[in-house]
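Starting off, we have a lone chain in the form predicted on its own, written out as structure tokens.
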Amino acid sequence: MAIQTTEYKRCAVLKMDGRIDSVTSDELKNALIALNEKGVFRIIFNMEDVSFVSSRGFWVMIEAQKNCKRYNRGELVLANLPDKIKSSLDLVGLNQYFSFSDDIVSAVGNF
């Protein structure tokens, strides 16, 4: 699993591959916290290479969304979401909690 972060003027793009489960979710959490500590609260999470997200992974994303939205500072946008993961979000009712984008360019443009 690899996490890549690219910072732009108005936001940051975080990309991860593989599975987000109880073993790897801490790495994602640390990457998101590091961005918040730098003052970056507009984050796009490129999930095109993510194959699975466990409940722990969803909790990490929820915590990140709460931190980003606090005081209207920004938000966590999920981009290039695989259909299987999007249907999991729909199933547990989290689809209304996140914004989605089909590509990185339009997600960056919305910030």
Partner chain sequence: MTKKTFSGDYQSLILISKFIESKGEKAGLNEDDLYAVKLAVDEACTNIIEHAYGGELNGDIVCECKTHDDYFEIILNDKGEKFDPESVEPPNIGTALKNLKTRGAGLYLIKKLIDEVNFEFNDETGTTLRLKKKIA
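Residue numbers count along the first chain shown, from 1. All values derive from a computational prediction rather than experimental measurement.
Separately, the form predicted together with its partner chain exists; it is not shown, and the next lines address it.
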Proximity of Gln65 to its partner chain in the predicted complex, heavy atoms at 4.5 Å: yes
Its partner chain contact at Asn36 in the predicted complex, heavy atom, 4.5 Å: no
Partner contact for Asn30 in the predicted complex: its partner chain, 4.5 angstroms, heavy atom: no
Any non-hydrogen atom of Ser88 within 4.5 angstroms of its partner chain in the predicted complex: yes
Its partner chain in the predicted complex: contacted by all of Ser55, Lys84 and Gly93, heavy atom 4.5 Å: yes
Sequence-ordered residues of 19-47 touching its partner chain in the predicted complex, heavy atom within 4.5 Å: Arg19, Asp21, Ser22, Val23
